[in-house]
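The chain below stands alone and is given in structure tokens; this is the form predicted alone.
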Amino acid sequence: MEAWNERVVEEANLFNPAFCAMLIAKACKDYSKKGQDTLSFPLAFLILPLIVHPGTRAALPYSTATSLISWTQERRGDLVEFGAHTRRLLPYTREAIMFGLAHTMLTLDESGGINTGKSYVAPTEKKTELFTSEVRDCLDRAGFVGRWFAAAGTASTIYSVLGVTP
């Protein structure tokens, strides 16, 4: 993985560790709101692959009434490369988690769960002038994925349903 200042501008902007950490934090926040304790650490590695790819993000349902299993069955053809896509984004996810932990935007608990930390501030358009409609969409969809995962079962079930293997 290239150093931040040596990356291509588009890559640096899209995979900005602060932005990616915010997406993971938003998913963690909404996961916890759905009544679950903390997001299982392995599930954090599925957030960016579902959100940063515009096609995958657009294909996500808009209601948690659509189960993860039924969605993956309908989208099986679209998800053929999802496992490989997830592996390609591992370095960016690790970087985002480390950034989030270093800046207390994220915390880890003793059970291996990941949640928002004391520095997490819900992102809104009022707090930054850099908020675009795509950024809003990414954050909204990250929150949705957190709520969706909360109703989808264990991390191993979710990985299995999405066809992601170690």
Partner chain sequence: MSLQIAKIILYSRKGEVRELPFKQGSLNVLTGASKSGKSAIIDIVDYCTGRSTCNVADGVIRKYVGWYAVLFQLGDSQIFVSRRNPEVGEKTSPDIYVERGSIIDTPAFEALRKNSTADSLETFLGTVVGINENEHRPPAPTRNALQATFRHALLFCFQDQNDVDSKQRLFHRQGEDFMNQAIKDTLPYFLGAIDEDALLKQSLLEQARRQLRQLERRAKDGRASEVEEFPRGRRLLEEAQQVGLISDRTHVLDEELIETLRTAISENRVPTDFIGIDGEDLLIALRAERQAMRNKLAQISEEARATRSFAFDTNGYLREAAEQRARLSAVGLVKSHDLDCHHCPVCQSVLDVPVPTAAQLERSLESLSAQLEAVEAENPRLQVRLARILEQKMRIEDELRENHQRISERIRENESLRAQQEIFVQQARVGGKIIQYLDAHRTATGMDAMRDAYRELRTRIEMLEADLDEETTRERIGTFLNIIGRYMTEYSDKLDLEHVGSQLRLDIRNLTVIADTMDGPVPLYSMGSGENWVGYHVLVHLALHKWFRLKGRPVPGFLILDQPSQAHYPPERDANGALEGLRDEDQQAVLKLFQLIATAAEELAPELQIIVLDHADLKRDWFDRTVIERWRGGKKLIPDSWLN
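Numbering follows the first chain given and starts at 1. Note that the structure is predicted; figures quoted are calculated from it, not measured.
Heads up, the form predicted in complex with its partner chain isn't pictured, but that's what we're talking about next.
Colleague: Please run the contact check for Ala142 against its partner chain in the predicted bound form: heavy atoms, 4.5 angstroms, yes or no?
Modeller: No, Ala142 is distant from the partner.
Colleague: Does at least one non-hydrogen atom of Val135 fall within 4.5 angstroms of its partner chain in the predicted bound form?
Modeller: Close contact exists here: in the predicted bound form, Val135 approaches its partner chain to within 4.5 Å, heavy atoms only.
Colleague: At the 4.5 Å heavy atom threshold, is Arg87 in contact with its partner chain in the predicted bound form?
Modeller: Close contact is absent here: in the predicted bound form, Arg87 is far from its partner chain, nothing within 4.5 Å, heavy atoms only.
Colleague: Quick one: is Met105 in contact with its partner chain in the predicted bound form, heavy atoms, 4.5 Å cut-off?
Modeller: Output for Met105 is yes: heavy atoms within 4.5 Å of its partner chain.
Colleague: Enumerate the residues of 85-118 that have a non-hydrogen atom within 4.5 Å of its partner chain in the predicted bound form, in sequence order, or give none.
Modeller: Sequence-ordered list: Glu95, Met98, Phe99, Leu101, Ala102, His103, Met105, Leu108, Lys118.
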